[in-house]
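Look below for two forms of one protein chain, each set out as structure tokens: first structure 1, then structure 2.
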Structure 1
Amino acid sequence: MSTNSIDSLLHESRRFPPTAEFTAGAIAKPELYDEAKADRVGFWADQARELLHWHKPFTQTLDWSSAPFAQWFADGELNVAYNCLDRHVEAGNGDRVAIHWEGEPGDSRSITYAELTAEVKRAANVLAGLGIRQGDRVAVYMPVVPEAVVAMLAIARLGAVHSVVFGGFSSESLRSRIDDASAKLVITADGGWRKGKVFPLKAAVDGALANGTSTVEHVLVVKRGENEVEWTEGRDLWWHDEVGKAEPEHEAQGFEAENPLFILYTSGTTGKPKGILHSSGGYLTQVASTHRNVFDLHPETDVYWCTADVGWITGHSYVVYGPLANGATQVMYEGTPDTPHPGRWWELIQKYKVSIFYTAPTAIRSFMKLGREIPDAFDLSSIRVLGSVGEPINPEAWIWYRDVIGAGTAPIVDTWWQTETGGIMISALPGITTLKPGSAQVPIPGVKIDILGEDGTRVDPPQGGLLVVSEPWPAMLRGIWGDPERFKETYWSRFSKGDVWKYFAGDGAHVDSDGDIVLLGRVDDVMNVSGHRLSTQEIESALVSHPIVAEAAVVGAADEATGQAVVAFVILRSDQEKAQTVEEASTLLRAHVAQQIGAIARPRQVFVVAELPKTRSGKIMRRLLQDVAEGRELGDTTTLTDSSVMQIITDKLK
């Protein structure tokens, strides 16, 4: 990849140092980096002792003798739910609101730590009464409602293992995950609200269990949608009936730090599902530490909102475990950002005085398309920290986010991490880092990142290469459920030699002349055009930098002459949709990319579309766009927010 092309792409040269006022009150201090550099393993031991309660203190921090299978704090014992609940109540913070929950139709609940603790205790007693014990697996298939959090914490309280399946997955996807984990119990809801309608969930569970060979013994059903459901007597139970009559007291028992906490199946898998396994002590340490330091959390005064669904890793780490371990007050919202009106998110920020806001670049670019008039109609003055997650954020969206949502003052933390890493790995720290639009910037203290060439040698600035994690970290995945060989082959085989193990993240990255890391997206999102490696994200950022473009997705399509050719799909800004013809826009944008990056990156085709295919976690499904660009039948569309989008695109291109 051409270094010059990357530097020309990041034409936004402004830098944003933290204000003296922000730095003075910041949680994270520069010494964190020094402490972690001097003794990385000791740094994580200090974080574990400072941030968590241990039923039995650990004496050994890291055991890497069976690499790549790590053990962190292995001889210590803790209870994850106790750390997220009871200890805050015992410390006198029971009256603090844990969750301000807002339903899509407008119903709302504010739940204190005391109330949440009481509900989780009752739910734990229900699960225990249904035979759930340490190590048993429980599938959770829920909308974004408080009961989803209660269910996860009740499972963790018993030392059992939850497998949360995103509520948008089909019954077949749910079945494969239930079967792979041999789940004993499913917790679901009758339905959930989305875009003004109730979408059924219980019916998908019934479909997943229809063949009668499942390991599932019971199904607990939360009443949310008030929709009709089929009922299997003896198997199906109403959540409110069971929790309502449960004993109110439940003592949290300590479990080994390496006791499995959850399995989370990576989205978009083909064939056998890939269940990412995380354990308890190391995971909770890193998500609590990063949530506190990256977002500069002051739990007494901040109101935090991460817009992720609990069915994704971001929802696990930065809706459930990180915020609650830190005693934060947070907002949860059931619905979509445009329901019942396009200012819904900003309305909630105004209502609850949200001070820390964490969302995806795809959402930010969607708001850019609609124009700043919508957020400008709301009071967003409570915002003091903004976060980005899910994919690289292009500089134009970064600047818009800061200026329009953050009033030109709020620092933005652009976080890089994965389902597999468990917690944030690369991010600015807002009271320390001079911020650079479009760059994730630096590894968090205690994490060791390298950029390597194809041959495994370290790449020096300002070159591009492959991102690896070169030392074990606390929240790292502990394996792929039931498949240790696949774990080693998938993540560790490319750059590991002898007793040196390096985790290959599957992402490309560029180290700029300042030593900061710019993520270039998945390696499989890197195209090879006439022998030149081009990043889809690089070209997408160039497209979005043009004033007529709101959002863009780029794929590499097979081409006889060049091996692969660049094909772009763009959404025009709303004020431009009638200002130019499709042909004019295409010609303009092809020339713009060539001018920004070079003729080699000029798209073969630019298609103007109304929407892009996205998963409900906000990721663009480029694989489906590649199917269209290469004239293939569409692959699996079950993870899309709106599967009709692909049919519309296909019909239009035909």
Structure 2
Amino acid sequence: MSTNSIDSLLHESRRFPPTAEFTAGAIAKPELYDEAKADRVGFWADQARELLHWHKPFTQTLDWSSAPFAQWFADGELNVAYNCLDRHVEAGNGDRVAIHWEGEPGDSRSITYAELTAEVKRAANVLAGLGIRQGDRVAVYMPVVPEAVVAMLAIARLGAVHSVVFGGFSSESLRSRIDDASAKLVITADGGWRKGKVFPLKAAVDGALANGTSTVEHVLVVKRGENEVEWTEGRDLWWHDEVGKAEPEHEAQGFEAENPLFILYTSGTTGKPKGILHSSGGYLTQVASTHRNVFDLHPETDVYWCTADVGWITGHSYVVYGPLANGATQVMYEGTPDTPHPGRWWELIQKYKVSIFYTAPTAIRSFMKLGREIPDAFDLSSIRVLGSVGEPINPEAWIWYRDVIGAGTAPIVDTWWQTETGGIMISALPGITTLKPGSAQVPIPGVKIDILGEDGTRVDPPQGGLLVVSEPWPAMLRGIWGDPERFKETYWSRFSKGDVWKYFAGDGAHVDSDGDIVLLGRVDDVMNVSGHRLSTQEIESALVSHPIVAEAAVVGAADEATGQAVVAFVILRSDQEKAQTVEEASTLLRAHVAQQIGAIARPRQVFVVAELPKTRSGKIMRRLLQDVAEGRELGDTTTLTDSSVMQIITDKLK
């Protein structure tokens, strides 16, 4: 593909260099690239020393001798929570607000670093009292409330491992995650606010633990939703009772840099979500460094807001660890952007004078649709940096974001990364890079990215290929919980040769003649719906677990609002065909998927079909189903066992 055609793909050829004023005040200087280029590993060692407090300094930086299992700063010791809390208080910044929290119903709390530190110390004492020790796993299933952050940091403070499960996941999904990690404790809330209603969380925890075989000994419950909850005496404890009476002092002990920090489950190409494992020193180094440099964070003056839920990696890295390690002041908001009115986000930016704002393209597109009058009614003049994450941002949305939210001047950083990478990998640096709408642009200093052809050779610009990370990076995943073979197979088997290890990200990308990277989406059976990762197979498994379904195939169909949408094709069991109307079956199955996995996985459409298109070897040709779902002319059907199948499907759907 030529550069011209990339431009036409992007429908936008304007470029946006940083203003001289921004560059003059910017945190990141161009020398960062030179330093990292001259000595990549040394660059990260400098970042680790400069940005973090080490209980015991490290002398080794990277140990890659057991590749693809990396060790960073292995002989060093640190306490992640101390780095996010106590040291800011000790440096005299205890009165700085850490979190301006805003509940959906309009209640709010501003919590200083001193207060947050005190709360985490008490919570750490509670957890220790419940027997939580280094290495133990604790599941966190919470709304976006300050206690979610307190819980994560208290777990980290003890050297234990959190597994945060997004509050929108079902009881079933929670159960499989609790079981996979053998969690000892669950921290949850009675409920949380969403779209003006309370969604129950404790009830889902009760359901997840109902079979009685769980490793969970206690459930700590934050009071938030005011809804009624069932209570299991001896197992369930109120957070406010326990934290309220806990000892206030807790000394943070140093743990080795490779001590596991968290597990976060994410969808892959198979039915079962993978527990992505992250460790402490390397992870904290990269998230602190990128949070500072990519967003140009001036912690004394900026007010930062990342709209992600703490249940996703963006919430881990850029709500909890990056911002708090950097001593930032941030906004956290519990609810949805349109409750109680469609200007709620902009009202919050105005109220707290947010200067750095980080969100997902899906949200931007939905605001675009509502019209600029809504944000225009608020004073957004505090904004000076905008960020995007989770999916490719189309140039129209990019320009709208800059013009309407960023007053036509704020730089936009389009950040590419993954649950597995832990931190940002590709992004502009706002005081340095000339911005190109629709392109994530360049690897951050210290990260080496290549775009390879199917044969593993580097493609010459301007060509497309598969995105790989060619050198280990500090925040890289350390494995898949309990499954080292799957870790090697999933990420390292495709392009590694001998002792040259290359991480395959699962994304397609183009590199243009300026060397800028344009992400093209997943090349595997992973869908991206509103910036959330879903597996086609996981949803197919959920569908066939319903007694009326004989077979199912799921595709991600292009969707203007959500990027992709889940579209399912199902064959009903023969005895069910007559009993169910197509509409009944479709309604039932959409609800079933939501109940099995969570509302985010609910298919946009479920089509009842008589056959699925299969190759002679029995593989479902999802590509053809995708053509149907997107309303396109069918592609090549010659490899099908029975090429009339597609005709039957399309005729029926018409």
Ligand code: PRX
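The model shown is predicted, which means the values in this text are computed figures rather than measured ones. Throughout, residue numbering runs from 1 along the sequence of structure 1. Take the two forms, find the largest set of C-alpha atoms that superpose within 1.5 Å, and that set is the rigid core.
Enquirer: Looking at both copies of this chain, which one is the form predicted alone?
Expert: Only structure 1 fits here, because that chain is the form predicted alone.
Enquirer: Using the rigid core as the reference frame, would you say His592 shifts its C-alpha by 2 Å or more between the two structures?
Expert: Indeed, His592 is displaced by 2 Å or more.
Enquirer: Quick check on Leu625: with the core superposed, does its CA move 2 angstroms or more between the two structures?
Expert: Result for Leu625: yes, a 2 Å-plus shift.
Enquirer: By what angle, rounded to whole degrees, does the smaller rigid part rotate against the larger between the two structures?
Expert: Angle of the smaller part against the larger: 142 degrees.
Enquirer: Align on the rigid core first, then pass along the CA displacement of Val544 between the two structures in angstrom.
Expert: Taking the core as reference, the C-alpha of Val544 is shifted 34.3 Å.
Enquirer: If the rigid core is lined up, how many Å does the C-alpha atom of Asp524 shift between the two structures?
Expert: Asp524 is displaced by 3.1 Å at its C-alpha.
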